[in-house]
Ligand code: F6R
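Below you'll find only one chain, the form predicted alone, shown as C-alpha coordinates.
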(Lines give C-alpha, C1' and ligand atoms only; values in the text may rest on other atoms or scores of the structure.)
Protein backbone atom coordinates (compact mmCIF):
# COMPACT_ATOMS: atom_id res chain seq x y z
CA UNK A 1 0.00 0.00 0.00
CA UNK A 2 1.27 3.43 -0.99
CA UNK A 3 0.51 6.17 1.53
CA UNK A 4 -0.78 9.42 0.00
CA UNK A 5 0.33 12.71 1.48
CA UNK A 6 -2.16 15.36 2.65
CA UNK A 7 -2.45 18.51 0.53
CA UNK A 8 -4.53 21.65 0.07
CA UNK A 9 -6.00 23.01 -3.16
CA UNK A 10 -7.41 26.55 -3.34
CA UNK A 11 -10.67 26.83 -5.30
CA UNK A 12 -11.80 30.05 -6.98
CA UNK A 13 -15.54 30.22 -6.29
CA UNK A 14 -16.34 32.48 -9.27
CA UNK A 15 -14.01 30.80 -11.78
CA UNK A 16 -13.55 27.25 -10.50
CA UNK A 17 -9.80 27.72 -10.92
CA UNK A 18 -7.73 25.30 -8.86
CA UNK A 19 -4.41 26.44 -7.34
CA UNK A 20 -1.94 24.95 -7.67
CA UNK A 21 -3.07 24.12 -11.22
CA UNK A 22 -4.30 20.59 -11.85
CA UNK A 23 -5.55 18.77 -14.93
CA UNK A 24 -7.90 20.84 -17.13
CA UNK A 25 -10.31 19.67 -19.83
CA UNK A 26 -12.22 22.07 -22.08
CA UNK A 27 -15.33 21.11 -24.02
CA UNK A 28 -16.17 23.23 -27.02
CA UNK A 29 -19.26 23.19 -29.20
CA UNK A 30 -17.52 20.88 -31.71
CA UNK A 31 -17.13 18.35 -28.85
CA UNK A 32 -20.76 18.77 -27.80
CA UNK A 33 -22.70 19.35 -31.05
CA UNK A 34 -24.24 15.86 -31.07
CA UNK A 35 -25.38 16.23 -27.45
CA UNK A 36 -27.88 18.97 -28.31
CA UNK A 37 -31.34 18.19 -29.67
CA UNK A 38 -31.13 20.92 -32.34
CA UNK A 39 -28.04 19.72 -34.19
CA UNK A 40 -28.72 22.10 -37.08
CA UNK A 41 -28.48 25.06 -34.67
CA UNK A 42 -25.16 23.71 -33.38
CA UNK A 43 -23.82 23.53 -36.94
CA UNK A 44 -25.05 27.07 -37.73
CA UNK A 45 -23.32 28.46 -34.63
CA UNK A 46 -20.11 26.63 -35.49
CA UNK A 47 -20.18 28.06 -39.03
CA UNK A 48 -21.14 31.63 -38.05
CA UNK A 49 -19.49 32.19 -34.65
CA UNK A 50 -16.79 29.56 -34.42
CA UNK A 51 -16.10 26.90 -31.84
CA UNK A 52 -17.35 28.45 -28.59
CA UNK A 53 -16.30 27.15 -25.20
CA UNK A 54 -19.24 25.42 -23.46
CA UNK A 55 -17.53 24.32 -20.23
CA UNK A 56 -14.23 23.52 -18.59
CA UNK A 57 -13.42 21.04 -15.92
CA UNK A 58 -10.40 21.07 -13.58
CA UNK A 59 -9.64 18.19 -11.28
CA UNK A 60 -7.12 16.69 -8.89
CA UNK A 61 -5.92 13.34 -10.21
CA UNK A 62 -5.48 10.69 -7.56
CA UNK A 63 -4.74 6.97 -7.79
CA UNK A 64 -7.74 4.81 -8.74
CA UNK A 65 -7.61 3.01 -5.43
CA UNK A 66 -10.21 2.32 -2.77
CA UNK A 67 -10.61 5.24 -0.40
CA UNK A 68 -9.20 7.91 -2.72
CA UNK A 69 -11.49 10.88 -3.36
CA UNK A 70 -10.72 12.75 -6.59
CA UNK A 71 -12.33 16.15 -6.75
CA UNK A 72 -12.57 19.12 -9.05
CA UNK A 73 -14.54 22.07 -10.33
CA UNK A 74 -16.63 22.67 -13.41
CA UNK A 75 -17.42 26.05 -14.97
CA UNK A 76 -20.27 26.12 -17.51
CA UNK A 77 -20.53 29.32 -19.51
CA UNK A 78 -23.95 30.94 -20.05
CA UNK A 79 -25.65 30.49 -23.39
CA UNK A 80 -27.83 28.17 -25.41
CA UNK A 81 -27.82 26.05 -28.54
CA UNK A 82 -31.19 26.24 -30.30
CA UNK A 83 -32.93 27.20 -27.05
CA UNK A 84 -31.27 24.41 -25.02
CA UNK A 85 -28.99 25.76 -22.27
CA UNK A 86 -25.25 25.08 -22.19
CA UNK A 87 -24.56 21.82 -20.36
CA UNK A 88 -21.97 19.17 -19.59
CA UNK A 89 -21.83 15.91 -21.53
CA UNK A 90 -23.18 13.95 -18.58
CA UNK A 91 -22.28 10.43 -17.56
CA UNK A 92 -23.04 7.33 -15.56
CA UNK A 93 -20.31 5.97 -13.35
CA UNK A 94 -18.59 2.94 -14.86
CA UNK A 95 -19.15 1.34 -11.46
CA UNK A 96 -22.83 2.22 -11.19
CA UNK A 97 -22.88 1.63 -7.41
CA UNK A 98 -20.78 4.78 -6.76
CA UNK A 99 -22.31 8.15 -5.84
CA UNK A 100 -21.02 11.71 -6.07
CA UNK A 101 -21.55 15.11 -4.40
CA UNK A 102 -21.83 18.47 -6.21
CA UNK A 103 -21.45 21.74 -4.30
CA UNK A 104 -22.58 24.99 -5.97
CA UNK A 105 -19.98 27.78 -5.86
CA UNK A 106 -21.51 30.51 -8.04
CA UNK A 107 -24.22 31.11 -10.60
CA UNK A 108 -27.40 29.09 -11.20
CA UNK A 109 -27.66 25.61 -12.54
CA UNK A 110 -29.74 22.51 -12.80
CA UNK A 111 -28.64 18.94 -12.18
CA UNK A 112 -30.40 16.45 -14.46
CA UNK A 113 -30.44 12.83 -13.31
CA UNK A 114 -31.78 9.59 -14.74
CA UNK A 115 -31.57 5.86 -14.17
CA UNK A 116 -31.39 3.12 -16.75
CA UNK A 117 -34.82 1.97 -15.49
CA UNK A 118 -36.48 5.27 -16.51
CA UNK A 119 -36.55 7.38 -13.33
CA UNK A 120 -35.67 11.07 -13.78
CA UNK A 121 -34.99 14.00 -11.49
CA UNK A 122 -34.04 17.68 -11.90
CA UNK A 123 -32.53 19.65 -9.02
CA UNK A 124 -31.85 23.40 -9.05
CA UNK A 125 -28.46 24.44 -7.75
CA UNK A 126 -26.90 27.75 -6.72
CA UNK A 127 -24.05 29.00 -4.54
CA UNK A 128 -24.07 27.04 -1.29
CA UNK A 129 -26.26 24.15 -2.45
CA UNK A 130 -24.99 20.59 -2.09
CA UNK A 131 -26.55 18.03 -4.43
CA UNK A 132 -26.21 14.30 -3.85
CA UNK A 133 -25.98 12.02 -6.90
CA UNK A 134 -26.96 8.56 -5.62
CA UNK A 135 -25.51 5.34 -7.03
CA UNK A 136 -27.01 4.19 -10.37
CA UNK A 137 -28.00 7.70 -11.53
CA UNK A 138 -26.54 9.36 -14.65
CA UNK A 139 -25.97 13.06 -14.13
CA UNK A 140 -25.55 16.19 -16.25
CA UNK A 141 -25.32 19.83 -15.15
CA UNK A 142 -26.83 22.77 -17.00
CA UNK A 143 -26.22 26.52 -16.69
CA UNK A 144 -29.65 28.19 -16.40
CA UNK A 145 -28.37 31.67 -15.52
CA UNK A 146 -26.80 34.70 -17.17
CA UNK A 147 -23.38 34.19 -15.55
CA UNK A 148 -20.98 31.26 -15.26
CA UNK A 149 -22.32 28.33 -13.23
CA UNK A 150 -19.49 26.89 -11.14
CA UNK A 151 -19.65 23.82 -8.91
CA UNK A 152 -17.26 21.54 -7.04
CA UNK A 153 -17.55 17.74 -7.14
CA UNK A 154 -16.17 14.80 -5.14
CA UNK A 155 -16.41 11.12 -6.11
CA UNK A 156 -14.87 7.75 -5.22
CA UNK A 157 -11.75 7.06 -7.29
CA UNK A 158 -12.90 3.67 -8.57
CA UNK A 159 -16.21 5.06 -9.88
CA UNK A 160 -14.94 5.71 -13.40
CA UNK A 161 -16.95 7.56 -16.06
CA UNK A 162 -19.25 6.08 -18.69
CA UNK A 163 -19.78 8.88 -21.23
CA UNK A 164 -20.44 6.45 -24.10
CA UNK A 165 -23.93 5.48 -22.87
CA UNK A 166 -25.00 9.14 -22.83
CA UNK A 167 -23.35 9.87 -26.18
CA UNK A 168 -25.27 6.92 -27.66
CA UNK A 169 -28.67 7.31 -25.95
CA UNK A 170 -28.81 10.91 -24.70
CA UNK A 171 -30.73 12.16 -21.69
CA UNK A 172 -34.49 11.68 -21.37
CA UNK A 173 -35.03 15.33 -20.45
CA UNK A 174 -33.69 18.60 -21.80
CA UNK A 175 -33.49 21.98 -20.07
CA UNK A 176 -34.81 24.55 -22.54
CA UNK A 177 -35.60 28.24 -22.50
CA UNK A 178 -39.36 28.98 -22.46
CA UNK A 179 -40.57 32.56 -22.08
CA UNK A 180 -37.11 33.54 -20.81
CA UNK A 181 -37.03 30.90 -18.06
CA UNK A 182 -35.72 27.33 -17.80
CA UNK A 183 -38.20 24.50 -18.35
CA UNK A 184 -37.94 20.74 -18.68
CA UNK A 185 -38.84 19.10 -21.99
CA UNK A 186 -38.78 15.53 -23.22
CA UNK A 187 -35.85 14.82 -25.51
CA UNK A 188 -37.31 13.84 -28.92
CA UNK A 189 -34.02 12.13 -29.82
CA UNK A 190 -33.76 10.00 -26.67
CA UNK A 191 -32.92 6.45 -27.79
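Nothing here was measured: the structure is a model prediction, and the numbers come from that model. Residue numbers count along the first chain shown, from 1.
Below, we refer to the form predicted in complex with ligand F6R, which is not included among the displayed structures.
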{"item": "The unique member of 153, 68, 129, 165 whose heavy atoms fall within 4.5 Å of ligand F6R in the predicted complex", "value": "153"}
{"item": "Touches ligand F6R in the predicted complex: residue 96 (any heavy atom, 4.5 Å)", "value": "no"}
{"item": "Contact of residue 85 with ligand F6R in the predicted complex (heavy atom, 4.5 Å)", "value": "no"}
{"item": "Non-hydrogen atom contact residue 74 with ligand F6R in the predicted complex at 4.5 angstroms", "value": "yes"}
{"item": "Contact label in the predicted complex: residue 90 to ligand F6R, heavy atom within 4.5 Å", "value": "yes"}
{"item": "Segment assignment from 37 to 45, 119 to 127, 51 to 59, 142 to 150: heavy atom within 4.5 Å of ligand F6R in the predicted complex", "value": "51 to 59"}
